[in-house]
Ligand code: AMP
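Next comes just one chain, in structure tokens: the form predicted on its own.
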Amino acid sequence: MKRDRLKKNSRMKISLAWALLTTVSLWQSIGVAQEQPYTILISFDGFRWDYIDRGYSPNLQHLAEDGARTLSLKPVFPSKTFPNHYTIVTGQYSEGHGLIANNYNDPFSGERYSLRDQQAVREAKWYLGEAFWETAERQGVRSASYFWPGSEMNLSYRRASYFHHYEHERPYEARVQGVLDWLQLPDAQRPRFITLYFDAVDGAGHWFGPDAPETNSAIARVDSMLGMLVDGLQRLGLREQTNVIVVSDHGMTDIDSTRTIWVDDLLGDLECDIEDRGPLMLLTPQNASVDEVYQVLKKSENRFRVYTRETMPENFHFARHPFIPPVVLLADIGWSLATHDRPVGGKGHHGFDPNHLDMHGIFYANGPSFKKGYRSGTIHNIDIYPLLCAIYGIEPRLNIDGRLERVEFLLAK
């Protein structure tokens, strides 16, 4: 009897100890969740890798020098706005996530995707990748988006908890204040991950060229918004808990009308549906075979390159998606592909070979998750998605092209 009571008491003590250990573990887990940092991912569209050295962005300079700074951020092909913004938040090449260009057609249905078509950009069917805010929300990290390609799709379960439909003329100050307002919500409702977008540098670079005074003014303008955001975080007492990551989707290079390749002259009587112009042109032959069009253009190949899916450089990762047209033209850096009915305007462009340094953007990160005063070489934008997953300790999608091991050295621990 006494031995039975001792055994029973022993079992009770073990059960109580296990319950206590489980309770402590639970509260530790809750504590970890509560201690997760805030992260604000900011896009300065078209901010070339070397713009920071011009002296017009003191807030960005301080953030970069105090945190983790990379030499440049390499985009994916094509080095265009929508494909690369979506790569940043999905960790996939464009052939994987589906946004193969800013504007393109579905050759099977005839439907068209265009960054300027409000209805099209909200159609979830175009977005094959899973954006970080989807991954985060599914695993308990509340998110918000103050503009980002793919963030306003029409399926609520694929959006962040809070978002705004894109409004190009929305004042920049209102965007920053909107982010600060989200961070003043009750803790249980407050987003931990937020995206924020500014386009001024890209617009100035296109119209006036990357070296123009107007572009420098745009650099100063977006930098002032970064300063406004950081000041707001400090007033809220959240600066030390917040990772501020500033990226850009691509760089910019000079172009001019004297460096134009007139593709319709090269084609002669061959008819093609032509998509895009400038650095990149996508062709679908109409009255000839793909090989005929390819051979004609191949013979005239000068200041541009012509590819089919079979000859596409492997490092471009631009052959597997069924919407990619059968013939792709890529201009040499600084040159433009055009037709006489659609000339190329402006003094700056992007969309060229992403290996060219002029096409590279920026990655600067400052906050509790990142090393301080750390400088590294070039990183790839496809690796940002797994980096974000690592910050929050959540599981990334298995079908991504990005790799954490290529960028985890930027993290503090």
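The structure presented is a predicted model; accordingly, all values stated were derived computationally and were not measured. The first residue of the shown sequence is 1; numbering continues from there.
The protein also exists as the form predicted in complex with the ligand; that form is not presented, and the subsequent description refers to it.
- For the residues 197, 126, 104, 193, the 4.5 Å heavy atom test against the ligand in the predicted complex is passed only by 197.
- Comment: the ligand is not present in this chain, but in the predicted complex one of 138, 340, 299, 116 has a heavy atom within 4.5 Å of it, namely 116.
- Only one listed stretch (263 to 271, 161 to 169, 182 to 190, 290 to 298) carries heavy atoms within 4.5 Å of the ligand in the predicted complex, and that stretch is 161 to 169.
- By the criterion of a heavy atom within 4.5 Å, residue 152 is counted among the residues contacting the ligand in the predicted complex.
- In the predicted complex, the ligand lies within 4.5 Å of some heavy atom of residue 81.
- Contact annotation: residue 350 falls within 4.5 Å of the ligand in the predicted complex, judged by heavy atom distances.
- In the predicted complex, at least one heavy atom of residue 45 sits within 4.5 Å of a heavy atom of the ligand.
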